[in-house]
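Here you get one chain, nothing else, as structure tokens; it is the form predicted alone.
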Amino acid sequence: MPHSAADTVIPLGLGRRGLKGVVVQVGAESSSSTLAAGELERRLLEIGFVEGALVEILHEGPMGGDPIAVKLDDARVALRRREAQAVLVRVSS
């Protein structure tokens, strides 16, 4: 059976403006953040990056697309792409 776009899971940090999806996992092990993995994961969870949260990339910064502005359920947050790498998203079609 072929994979559809709805089966695609990517790090949020690789997404571009307009990407929509659902958070499936937060795990900072693969992030290149300056924060310790546990600290980054804790901060992301506190912000609201929890399993099942709806996300959409609304804006990308002018210098290399960093930082990104993300709609997270009903909130708006900004974060660096390297930290967004720790958030895995199932892309919506």
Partner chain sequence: MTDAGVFPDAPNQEPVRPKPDSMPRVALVGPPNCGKTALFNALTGSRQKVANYAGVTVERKEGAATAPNGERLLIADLPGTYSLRARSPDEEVTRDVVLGRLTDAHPPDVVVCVVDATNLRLGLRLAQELKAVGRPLVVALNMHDIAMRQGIDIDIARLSVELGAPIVPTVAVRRGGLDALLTEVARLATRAPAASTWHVPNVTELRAEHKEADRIFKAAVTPPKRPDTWTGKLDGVLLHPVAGSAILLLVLFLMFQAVFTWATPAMELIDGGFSALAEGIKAVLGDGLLSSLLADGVVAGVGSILVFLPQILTLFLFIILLEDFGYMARAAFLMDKLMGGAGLHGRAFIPLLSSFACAIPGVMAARVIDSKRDRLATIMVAPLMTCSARIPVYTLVIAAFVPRTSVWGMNLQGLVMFSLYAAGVVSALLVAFVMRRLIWRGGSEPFLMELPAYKRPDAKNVILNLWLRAKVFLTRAGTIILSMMVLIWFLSTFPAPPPGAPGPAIDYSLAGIIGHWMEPVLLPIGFNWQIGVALVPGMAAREVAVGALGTVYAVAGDDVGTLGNVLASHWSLATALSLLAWYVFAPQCASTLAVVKRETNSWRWPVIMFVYMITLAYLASFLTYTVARHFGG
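Bear in mind that the values here come from a model prediction, so they are computed numbers and not experimental data. Residue numbers count along the first chain shown, from 1.
FYI, the form predicted in complex with its partner chain isn't displayed, but the following is about it.
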Does the 4.5 Å heavy atom contact test between V55 and its partner chain in the model of the complex come out positive?
-> no
Examine L19 and determine whether its closest non-hydrogen atom to its partner chain in the model of the complex is within 4.5 angstroms.
-> no
Would A75 show up as a contact with its partner chain in the model of the complex if we use heavy atoms at 4.5 Å?
-> yes
Distance check, A69 to its partner chain in the model of the complex, heavy atom within 4.5 Å = yes
